[in-house]
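One chain comes next, on its own, written out as structure tokens in the form predicted alone.
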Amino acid sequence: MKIAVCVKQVPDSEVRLNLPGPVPELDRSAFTMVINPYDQFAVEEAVRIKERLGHGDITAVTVGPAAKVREMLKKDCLAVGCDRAVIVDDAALAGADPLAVAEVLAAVLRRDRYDLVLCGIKAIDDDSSQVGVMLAELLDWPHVGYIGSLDITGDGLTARREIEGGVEVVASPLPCVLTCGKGLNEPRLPSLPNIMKAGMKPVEVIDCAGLGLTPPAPLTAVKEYTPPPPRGACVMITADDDAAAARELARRLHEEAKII
């Protein structure tokens, strides 16, 4: 079975932004960059599928500058069980929106003919939750989102996912696109020997021209980054008893804050 895992490099969630006022672009030079946490669940599930079946080939695919993403692929993908990686490195994709990224990933996946594609449910930098779904649409493949467990059976799969009030069981033929989230598994940590061995695994670097693709123009753009408004001062309510304090609180929430 040929499995592809689509991954993205994002700023670490511990990064603190120094944003004194509105700016057209963030200074990312000092950001600590990591693999998108939700993509780690996708990588781990791909490796577990290969281990359960006893065979398979896993490719990690990403879009971004090779000089910046190569180490992430080595440590968080190749060192934990992926067999190879593909980097689409094209300056024209700087600032690409979710649809442009999905179109580029789809070109890679069509070229190499995979049986199963795994993605994280979203990236923590933009929270768009769109690339996996768009990818399935562009490939004309079925899609199952936010899977909680997975069984591969012959030429199909059965996935379970939590919905409001229960669990939904979805059967799908292959090929298929799955999006993975927290709770699906516990991603393994790379060992030092495996990190060293990962350096010998093949990594292909290609641009849009090499895929026979004109770089997609983004349909959306971020115009401005603005810090959140400062919090208002805390207002203390004093009253003779608890009931009076509750009435005054309800009045202020209704008449002043207008939230009830």
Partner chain sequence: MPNIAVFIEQRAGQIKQVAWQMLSEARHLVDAHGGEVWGVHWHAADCDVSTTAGRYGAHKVVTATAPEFERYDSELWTQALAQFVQQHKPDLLLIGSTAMGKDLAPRLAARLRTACISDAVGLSWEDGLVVKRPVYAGKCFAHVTARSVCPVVGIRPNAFALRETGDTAAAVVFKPVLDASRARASVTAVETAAAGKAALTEAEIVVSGGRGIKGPENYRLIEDLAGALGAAAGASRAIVDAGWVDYSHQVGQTGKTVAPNLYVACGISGAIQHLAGMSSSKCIVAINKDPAAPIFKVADYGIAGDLFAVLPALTEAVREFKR
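Residue numbers count along the first chain shown, from 1. In this text the structure is predicted, and so the values were computed from the model without any measurement.
Keep in mind the form predicted in complex with the partner chain is missing from the figure; the text below concerns it.
- This chain appears without its partner; in the predicted bound form, the one residue of L192, M200, A67, A221 with a heavy atom within 4.5 Å of the partner chain is A221.
- The three residues E45, E204 and G212 each lack any heavy atom within 4.5 Å of the partner chain in the predicted bound form.
- Among residues of the shown chain, K182 is one whose heavy atoms approach the partner chain to within 4.5 Å in the predicted bound form.
- Contact between L99 and the partner chain in the predicted bound form is found at the 4.5 Å heavy atom cutoff.
- Residue contact check for H55: none of its heavy atoms lie within 4.5 Å of the partner chain in the predicted bound form.
- In the predicted bound form, H143 approaches the partner chain with a heavy atom inside 4.5 Å.
- Along 238 to 255, residues D242, A243, A245, A246, R247, L249, A250, R251, R252, L253, H254 each place a heavy atom within 4.5 Å of the partner chain in the predicted bound form.
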